[in-house]
Each structure stands twice: as structure tokens, then as C-alpha cells.
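Take a look at this one chain, the form predicted alone, written out in C-alpha cells.
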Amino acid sequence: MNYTQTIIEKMKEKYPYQPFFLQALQEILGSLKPEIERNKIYEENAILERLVVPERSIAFRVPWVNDNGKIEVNMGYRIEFNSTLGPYKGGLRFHPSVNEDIIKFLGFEQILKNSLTTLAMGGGKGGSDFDPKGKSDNEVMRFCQSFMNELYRHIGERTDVPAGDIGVGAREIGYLFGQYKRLTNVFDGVLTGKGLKWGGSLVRKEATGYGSVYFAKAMLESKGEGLEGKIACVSGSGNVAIYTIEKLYSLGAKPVSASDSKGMIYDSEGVDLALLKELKEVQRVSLSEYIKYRPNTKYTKVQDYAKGRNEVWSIPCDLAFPSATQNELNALDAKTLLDNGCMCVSEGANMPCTLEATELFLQAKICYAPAKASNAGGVATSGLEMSQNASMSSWSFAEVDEKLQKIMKGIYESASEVAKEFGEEHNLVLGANIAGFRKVAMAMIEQGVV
């Protein structure tokens, strides 16, 4: 058994109850095999053994009082996975599905994603099983303050710099930062995704969605194609999906779908972006409300999806942007997309494609971008926010957007060059994983056994 497979089997034996972490582990370590076999220095320095174990795992109780005066209790997590390249960097996710397994898979992926940006950021992730949906602002504030009462002990602008993720937007970051400042009496860049009036960066909200489109553009251009006139399917309706749709429109494509936890819309005339923003960013209501304003739109409830399918991927399209959550696109979905002529898949969410779906896309040799490459725009702009905070300056929207485009193009070129080096030009999974790994691994070796 080779070195990479040995580590995978050990982790399977040790963590059989963490399927998401094991999936991420298998995808990443499996693609690293040719690099590991080429250079024995990794095994000699036990790089994989150290890489797959977090430097620090923190779990804590979060008690808070709801508007009825009842005490509620949630779990909080922060996995500080790897600080070889810089302070831990990665979002906080507030969602009922959050557990240690979810946070570990996200944190592990974050190591290589942050490495690919070329910015000085290590990998980490955190969150809670708290659900902000349906909660009042005061309830969200009380929860965030209780969450920060523990988290503040473990973070700092040179130690660990959390950001937002699913369920954590500007409102939550504001409450978290306010409590951090209250507890520490320090105003620093400890959180990213802050309000623009007090240290936030322009383009941060748009960055992940914009970045996934910029990456798709780079892939298509390498094949002599472009976005102009292409039909695009997008899943999700949060920041990533909304700003994927916005950027697709600006570059000439036509996005026709969006989804949430209750169902999906198919608007063959093109998604009404202003309406989508009003429903999801202002009113915060279900997408079922969309058809009241656009009666020609098809709305499908989740319970009406074919078993084991995501209805979004049944729509014929040229481009697919899975931008909702992990494992939302399976092998059946992938086959349908390919049969319908889809030529490009750019992942906006973290690990949205199953291993089987990924394999089908790679076999078909379409333009396929793994999340750690194509959705790195969010953390890249978080890094740019850190730079602005450190220099006590603020850059214009155009300046940040230009830097984001350069970073995304650089990630594509880096992944593409490595893929070509190994004779698999189409395989950006291999290219991105090895490119990100090399930088982290060599830095670990240079820093000794720590």
C-alpha cells in the first residue's frame, strides 16, 4: 500500500463517523499521489500525518436567552488546522447541520485553498449548529455575544482571523466584532467581512461569486470559448449564488436558475436579479415568492424533486455553478448535465460535487473547477481586507476587483501548469491540489517538526 493510501486508511479507521472529512481527505490525498511518489521528502518528514491532523480543535457550549426568556444551548467550534503559511483563516458557519465533521472537512480544504491565493494565510474553520433563520436581531445578537465570549480567547489578527460563511453575514460579523472589542478593548482586524464604515472591504460580499465566474472565464478562454451567450444554471440563493448571477450577466451569460432549502426556480428568460436580491437580502423569504412577480417561472418544491436528484441540474445549460452546499450534485446529476451538453462546471460552494460526480466530469474532460480553486475569491478578498486593516487604508471597488481577478487568474494558471506537468491538462483537481500542497509542505519542512 502506498503512502497516501496508508494515511487515508488510517483516517478511515480512526474517524468512521466523519464522512465529509473522509471525503475531502480522499479527494485531496488521492490526487496528491503522483507528487508524493515523485518526491520521498514528504514521507521522510511525515508531511501527510501532520497535515491531516488539526493543530488545535476547540469545541464549546454556547448558552443564550431567546426572546421568550428561555435559555437555549448550542455548540460552537473552531478548528485551527494549519498555520504554516500565516494566521488561521476561514469562515464561521451558523447552520443546524454544523458539527465537528463539517468543520474539519471545511478546515482541511481551506489549507490548500488559502495556499493557492498566494496570500499569507493558514487554514481554519468554525461555526455553530445555531440557526439564524427565524430569529430576531436581538436573539442573533445574544447568541453571537455568547459565542464570542469563548472564541475571543483563541483568535487575533496575527493568530486566527475568522470570516463569514453560511448563516454569517454582515449582521452576525458586526455583533461578533462588537463583543470581541468589548472583551479585549482592542480594535483590530480580527474578523473579516466587517461593515464598510468600520474596516470592511469593498467586493467582499461579491467575491466568492465573482471569483467562480472569473475562474470559469479563464477555463473557457483556454479552450477558445467565452461566456457570451451561454446559458448558466446556478444553485443556491445566498451571497455566492446571487453574485455569481450578477457577474454572469455582466459578462454576457444568461443565468436561469436559483434554489434554496425549500425549492428552486427556473426562469427561462433569465433570473430577475433585482427581485432575487429583494427577496433574499431584504425580505429574507422563500424563493416560492418569486413566482408571484414572475408568473412564467417554474417553481419546484424540494419534495417534488426526483429521488436522489437536484432539480437544478436537470435544466439544459452550457455552464453549471453549484453554489449552495456540499454534495448537492451527485453522479446522476453529473450525467444529466453532460448528456445535456454542459461544457463547464465551476464550484462556488465547498465540495458541492460528490466524488463520483467529480470523476464523471474529469472523464468527460470538460472545464471542471474544484472549489478550493474556483471559490477562493472569498478568502482572497478577506486577505485583501486584512491588508487594508493592517495599513489602515481602504481601496476602491475597482482596485479590489482588479486584484481579485488577478488572483483568480493566477490560481487557474498555477493549477493548469501543474496539471500539464503531470500530463493531465484537463485535471484541475490534481493541478490545484498539488499546487497548493507543494507550498504548504515545503514550508512545513523548513519550519521543522512543530
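Just so it is clear, the structure is predicted and the values come from calculations on it, not from any experiment. Heads up: residue numbers just count along the shown sequence, starting at 1.
Below, we refer to the form predicted together with a small molecule, which is not included among the displayed structures.
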| property | result |
| --- | --- |
| Partner proximity in the predicted complex: Ala163 to the small molecule, non-hydrogen atom cutoff 4.5 Å | yes |
| 4.5 angstroms heavy atom contact with the small molecule in the predicted complex for Lys247 | no |
| is_contact(Asn350, the small molecule) in the predicted complex, heavy atom dist at most 4.5 Å | yes |
| 4.5 Å heavy atom contact, Ser237 and the small molecule in the predicted complex | no |
| Residue stretch of 353 to 361, 248 to 256, 107 to 115, 321 to 329 approaching the small molecule in the predicted complex, non-hydrogen atom distance within 4.5 Å | 107 to 115 |
| Heavy atom within 4.5 Å of the small molecule in the predicted complex - residue from Pro370, Gly378, Gly127, Gly123 | Gly378 |
| Interface residue in the predicted complex among Gly200, Gly91, Gly167, Gly189, criterion: non-hydrogen atom within 4.5 angstroms of the small molecule | Gly91 |
